[in-house]
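Just one chain follows, in the form predicted alone, and it is written as structure tokens.
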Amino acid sequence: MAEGGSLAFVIILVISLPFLLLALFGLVWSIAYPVMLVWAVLFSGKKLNQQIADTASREASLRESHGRDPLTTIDGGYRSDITSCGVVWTGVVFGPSHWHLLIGWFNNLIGGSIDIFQKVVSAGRAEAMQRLRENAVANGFDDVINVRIDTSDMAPQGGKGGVRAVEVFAYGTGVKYG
């Protein structure tokens, strides 16, 4: 009889285990999500501002050490002292936090410019351009000419969830002068 009782207990446990795990997950999620949202409210704007300030300070440091900005969108003219050249590229993925998405959603209801998304995309572009500068200097190039920047939306599979991030791809021709 004890063997039958333990077998019934195991069967009940196996059947009810997914429901218990789901209930536990729901309980944890009902506490964790509000905490994460409050965390995002308090710190996501500060983190984005810190990333922008870090990119700006790295750009200023590189300009100071290099003497000028090595990036240009024009072809650089026809110089005869070019000793080597090559493609320089970089990619960055930036996305808004849940708090930024919530602000954007409310702003979209009212209409007009969604400033927080512009700030996120601008931060991504600035970071991509700075990484392009750093790659050019690391590869020994004096200038990067014909600089181009492309952005593309990154959405979840199926595209029904909307844009969750933006990929910024920057590239150009690195040249070394003799």
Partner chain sequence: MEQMVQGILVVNTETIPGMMITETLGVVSGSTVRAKNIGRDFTQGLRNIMGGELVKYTELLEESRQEAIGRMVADAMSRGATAIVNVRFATSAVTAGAAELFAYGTAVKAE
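Residue numbers count along the first chain shown, from 1. In this text, all values refer to a predicted model and were calculated from it rather than measured experimentally.
As for the form predicted together with its partner chain, it is not shown, yet the points below apply to it.
Its partner chain is not drawn, but in the model of the complex it has no heavy atom within 4.5 Å of Arg68. Heavy atoms of Ala40 reach within 4.5 Å of its partner chain in the model of the complex, making it an interface residue.
When contacts are judged by a 4.5 Å heavy atom cut-off, Ile145 counts as touching its partner chain in the model of the complex. A residue is said to contact a partner when one of its heavy atoms sits within 4.5 Å of a partner heavy atom; Gln130 fails this definition for its partner chain in the model of the complex, lying far away. Note on the partner interface in the model of the complex: the residue among Asn139, Ser57, Ser122, Asn49 having a heavy atom within 4.5 angstroms of its partner chain is Asn139. Shown here without its partner chain, the chain has Ile82, Ser84, Cys85, Gly86, Val87, Trp89, Gly91, Val92, Val93, Phe94, Gly95, Pro96, Ser97, His98 in 79 to 98 lying with a heavy atom within 4.5 Å of that partner in the model of the complex.
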